[in-house]
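A single chain comes next, written as structure tokens; it is the form predicted on its own.
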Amino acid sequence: MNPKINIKDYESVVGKNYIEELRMLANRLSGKTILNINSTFVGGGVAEILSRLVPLLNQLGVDVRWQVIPGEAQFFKVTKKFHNALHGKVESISDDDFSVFLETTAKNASQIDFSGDILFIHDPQPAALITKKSDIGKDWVWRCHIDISQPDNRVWNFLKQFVVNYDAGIFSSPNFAQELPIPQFFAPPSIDPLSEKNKELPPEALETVLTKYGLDADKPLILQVSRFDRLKDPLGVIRAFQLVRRNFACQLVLAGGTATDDPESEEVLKEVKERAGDNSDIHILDIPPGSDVDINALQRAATVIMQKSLREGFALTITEALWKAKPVVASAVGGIPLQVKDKLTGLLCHSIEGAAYALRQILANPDYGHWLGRNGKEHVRQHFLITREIRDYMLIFLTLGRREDIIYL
């Protein structure tokens, strides 16, 4: 367990009574073991959430464990195409791709130690492990972190044959789900306000990071933090910046990294660098895992933070930005409108030109940007902190197998 994580420290953020409620729920789960399974320990929002959630639940007295499925490069190439197709993107998926998925799943199912009373399976990559249920029993929960409201039907129908065998499904938004014959729950993702990525930083830490990356502390900074993925539309961000730069002297930072389960990211990074060219005001930062303080400092130093995704699950980068009281310009897709209430906690856009217009509004009216940022931080405090996600999951675990006494969230 990470010794730096202490559940008592969260009393200063959410109050002592909230933490006591979490302890009460944890006591009711005494004797149960929850095993999380996903596809990577680093990179992406799922791994980030689990790296904080698992030790906090253990501190509360719940036996929570975490395993990752292995796979060859071809498997993750296939699951990346599945991911895109489930978001509604057109992908060329062959029968061989489905075979690769099933073959890797069968291999993993024979090697994984399924020691747990509740198997908590995250996203499509390990979803077919449910085939072990007929052999080992136990309670199985599928946590879908992506928006599958308008999927490619061929991929969804393939995945659905496994999902329907789970005891429950959890989605980040009611709008993300499909009709299923199993109980479904709504539990948005969250951020940890005390993590290295979200805690308060002294001014000298911001200065150090700006110097490290060659950024001008006196020039307005537009920032997008995302892995290098076409669905995050980094090329569209560059185009919006170019439109804004006609009116305002500013700089753009695209900060991200790669994930072990995303084989496209290196190719996208190359495309982004080529589009940026030799423009000295566009900074492409390939930031390695574990650079949370750098990301935190960049977000706190930013004038405006963007998330111009074409498709999106929830976008924890927006949650992070709002928590730092930053004005946000973001696409009205996926779970983003749950966080960005247009003209209240940020500005929503529907195009490159719309993004540029919103950026100009904030750059021209700093007081308006500060007002949006303050509203956004309070919105996150009320709805999107990790203590609330822990509470949601424990309540869901307590409902499993108890159809006569369901707790509706």
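Numbering starts at 1 and follows the sequence shown. Predicted model only: the values in this text are computed from it and were never measured.
One more form of this protein exists, namely the form predicted together with uridine-5'-diphosphate; it is left out here, but the text below deals with it.
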| property | result |
| --- | --- |
| Three-residue site Lys197, Arg227 and Gly257 fully in contact with uridine-5'-diphosphate in the model of the complex at 4.5 Å by heavy atom | yes |
| 4.5 angstroms heavy atom contact with uridine-5'-diphosphate in the model of the complex for Leu102 | no |
| Heavy atom of Ala109 within 4.5 Å of uridine-5'-diphosphate in the model of the complex | no |
| Any non-hydrogen atom of Ile182 within 4.5 angstroms of uridine-5'-diphosphate in the model of the complex | no |
| Heavy atom of Ile295 within 4.5 Å of uridine-5'-diphosphate in the model of the complex | yes |
| In the model of the complex, the one of Val78, Leu316, Val237, Ala330 near uridine-5'-diphosphate [non-hydrogen atom within 4.5 angstroms] | Leu316 |
| Option from 114 to 122, 219 to 227, 206 to 214, 133 to 141 whose residues, in the model of the complex, bring a heavy atom within 4.5 Å of uridine-5'-diphosphate | 219 to 227 |
| Sequence-ordered list of residues in 165 to 185 near uridine-5'-diphosphate in the model of the complex, where near means a heavy atom within 4.5 Å | none |
